[in-house]
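The form predicted alone is given below as one chain in structure tokens.
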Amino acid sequence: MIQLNRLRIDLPRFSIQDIDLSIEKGQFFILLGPTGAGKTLVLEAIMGLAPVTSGQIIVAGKDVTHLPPEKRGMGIVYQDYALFPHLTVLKNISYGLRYRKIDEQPTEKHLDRLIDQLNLSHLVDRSIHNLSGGEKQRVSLARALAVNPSVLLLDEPLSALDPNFREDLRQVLKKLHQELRITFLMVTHDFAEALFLGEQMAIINLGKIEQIDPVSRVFQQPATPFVAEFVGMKNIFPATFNKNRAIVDNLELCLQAPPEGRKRYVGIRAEDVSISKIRPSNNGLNVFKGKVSDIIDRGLYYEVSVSTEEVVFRAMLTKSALFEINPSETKEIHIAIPSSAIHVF
């Protein structure tokens, strides 16, 4: 449905560097990355709002690289709503229809259904000034969808909302996608949004794509140290490999199987690092002695750093688990890491 071929955008002090990307028809695709990674710039290039230095943008088999935005058959929703303050809700929703040909106009039934789906029926005559943030974003969604776009582009549409509105609109987006089955491309830096909404995902950093995979695979099998750290993997170490063993400094970690290809790092999620006062059996586990060197209260859990002679591991513990260990009185503890929980990349 959307194909980016060697897309390059050069701006002062920043560039999008030869991006190749393929998004299937009807897919909910997530472009995830930190602030300043180039997410919105890619989105605006697809929409026709950012200058393309080189490469191609193909939509539904048609080269749209140099077409104006209104000729691309897309809708876009921004985080700041971008609504017209002097127009009512209904006039905002129908604004884009003035640029459509008569034979392309959606039916009144389509607009009524869309307004009903987004729970806006009681607001159609209201001024934009009298809407909540969640209501404004639903109006923005309705306006983008009113023109029957083949693609809906979403630029962090939930980031400006408070948690309650954010959860509601997340559910709305998922339901809309399931019902409309048009292609959604959403940029975000929020993991919860990506996991809940996305089917396929690309991670972007400093204008380069680091990984493209199904959402679950990106989180379970990060391809680079940046992706691993970005998706929350707390233990990332340079390593050398000898058959089914990874050597981190002088510490050996047993892997499930010898890694394929050239690998340079190991990664372990904090929740996969177990801590106990009693040494567990080595059955399928890497077991080491250590001392608690730091404790950080993360609200719902504690992040505990455990120092071995060679490496510092970070683990995730509940309050009750931390009290059971009682690190202030326990001089030596044991950490255990399943071989199956060690990722290599």
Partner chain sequence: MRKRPDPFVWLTIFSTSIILFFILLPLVEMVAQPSFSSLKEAITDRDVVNSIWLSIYASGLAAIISFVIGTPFAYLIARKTFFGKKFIESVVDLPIMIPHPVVGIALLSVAGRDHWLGQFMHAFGIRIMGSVTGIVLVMVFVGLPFYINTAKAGFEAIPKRLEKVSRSLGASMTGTFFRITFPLAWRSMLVGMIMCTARAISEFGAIVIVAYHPMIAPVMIYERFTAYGLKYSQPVAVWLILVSLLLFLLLRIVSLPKQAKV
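Numbering follows the first chain given and starts at 1. Not measured: the values here are computed from a predicted model.
From this point on, the text means the form predicted in complex with the partner chain, which you will not see here.
Participant: Can you check 201 to 209, 79 to 87, 233 to 241, 174 to 182 and let me know which stretch has heavy atoms within 4.5 Å of the partner chain in the predicted bound form?
Facilitator: So the stretch in question is 79 to 87.
Participant: Checking a candidate spot here: are Glu44, Gly96 and Arg143 all in contact with the partner chain in the predicted bound form (at least one heavy atom each within 4.5 Å)?
Facilitator: Looking in the predicted bound form, the three residues Glu44, Gly96 and Arg143 all sit within 4.5 Å of the partner chain (heavy atoms).
Participant: Looking at Val139, Val227, Met74, Ile268 here, can you tell me which has any non-hydrogen atom within 4.5 angstroms of the partner chain in the predicted bound form?
Facilitator: Flagged contact: Met74.
Participant: Only one of Thr308, Ser305, Gln27, Thr40 has a non-hydrogen atom within 4.5 angstroms of the partner chain in the predicted bound form; which is it?
Facilitator: Looking at Thr308, Ser305, Gln27, Thr40 one by one, just Thr40 meets the 4.5 Å heavy-atom criterion.
Participant: Is Leu49 part of the interface with the partner chain in the predicted bound form - any heavy atom within 4.5 Å?
Facilitator: Residue-level check for Leu49: yes, a contact with the partner chain.
Participant: Is Pro69 close enough to touch the partner chain in the predicted bound form, meaning at least one heavy atom pair within 4.5 Å?
Facilitator: Yes - in the predicted bound form, heavy atoms of Pro69 and the partner chain come within 4.5 Å of each other.
Participant: Might Asp155 be said to contact the partner chain in the predicted bound form, defining contact as any heavy atom within 4.5 Å?
Facilitator: Result yes; Asp155 sits at the interface with the partner chain in the predicted bound form.
Participant: If you check in the predicted bound form, is Ile115 within 4.5 Å of the partner chain, heavy atoms only?
Facilitator: Close contact is absent here: in the predicted bound form, Ile115 is far from the partner chain, nothing within 4.5 Å, heavy atoms only.
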